[in-house]
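Shown below, as structure tokens, is a lone chain in the form predicted alone; questions about how it binds or moves come after it.
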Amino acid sequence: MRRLVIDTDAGVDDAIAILLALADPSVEVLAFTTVHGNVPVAQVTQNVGRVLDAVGAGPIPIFQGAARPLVGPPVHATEVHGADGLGDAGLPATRRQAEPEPAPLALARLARAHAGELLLVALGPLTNIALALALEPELPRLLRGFVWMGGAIRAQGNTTAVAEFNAYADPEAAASVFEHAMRPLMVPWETVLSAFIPWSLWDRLVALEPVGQRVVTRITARVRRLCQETEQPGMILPDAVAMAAAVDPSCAQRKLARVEVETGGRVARGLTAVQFAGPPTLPVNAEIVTEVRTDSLTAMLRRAFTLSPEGVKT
């Protein structure tokens, strides 16, 4: 049984990643921590509750975290995810409330309480993780593993010409995480692009009941339109790809690397400079997922989109 804590900025693809984790019989989701990103953090917290409500999940605790990056104003992606972060699909509001404990404190406490057991999956900017690391310098040793969807290995940005959104939204936090032995399994933007779900297959998946047709079709309509307008060959699901690599390591190819994050500069802020292991190189501080098997991802999506309340592990 993999025990997960999911740190999220709860946009559309985060919601699908959450569904993948809830549907996996080998996974126990202990908590969610929320962070600024796709939308403001208060809306992120609301969105986690809305997703949990949509599948009848039990009372998994939600800890609200950082409302802004370590430096500068927050950056949001409402043009992609909608004003509410879930495609403006009109999902009902939730009555679930965030716990009083701030997310960075909760992350440090949970890591100590479950030393060697927790897999931390970060789907947004790394602000909460950097703050938790400042509170608990032993965090890398305490965690079983750490997966991050973010960065780009060939400077193929989706927010600027060279920077991926989660890295760009708080590069200081990302730099701190890579510099302080967190050694993440990094799922970069280029890998996500290659793990698309072809449109014909996507249409069959979202027709599945009850979750595919009732929830996923609605929240992904906006993203689907944007993907088709930019002539993508299928649906792109960044955080679902990262979750697949987290819960089924066998589906992901990976390479050791050295990652450094650009925090200055007018053009290159948020760039993740990646040097794969091999002479000459600095010591490695990450593993990079270079490929995720789409057949494995498809099987996980199918299981998630047919999820019933009886199948949710809490």
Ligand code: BDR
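In this text, residue numbers run from 1 along the sequence as written. These numbers were taken from a predicted model, which means no experiment stands behind them.
There is another form of the same protein, the form predicted in complex with beta-D-ribofuranose (BDR); it is not shown, and what comes next is about it.
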**Asked** Is Asp13 close to beta-D-ribofuranose (BDR) in the predicted complex, meaning a heavy atom pair under 4.5 Å apart or at it?
**Response** yes
**Item:** 4.5 Å heavy atom contact, Asn128 and beta-D-ribofuranose (BDR) in the predicted complex
**Value:** no
**Prompt:** Hey, in the predicted complex, is Pro104 touching beta-D-ribofuranose (BDR), heavy atoms inside 4.5 Å?
**Reply:** no
**Asked** Is Asp239 close to beta-D-ribofuranose (BDR) in the predicted complex, meaning a heavy atom pair under 4.5 Å apart or at it?
**Response** yes
**Message:** I need the one stretch from 129-137, 158-166, 90-98, 218-226 whose residues put non-hydrogen atoms within 4.5 angstroms of beta-D-ribofuranose (BDR) in the predicted complex.
**Reply:** 158-166
**Whether His36, Phe63 and Leu120 all lie within 4.5 angstroms of beta-D-ribofuranose (BDR) in the predicted complex by heavy atom** = no
**Asked** From first to last in sequence, which residues of 172-209 have any non-hydrogen atom within 4.5 angstroms of beta-D-ribofuranose (BDR) in the predicted complex?
**Response** Trp189
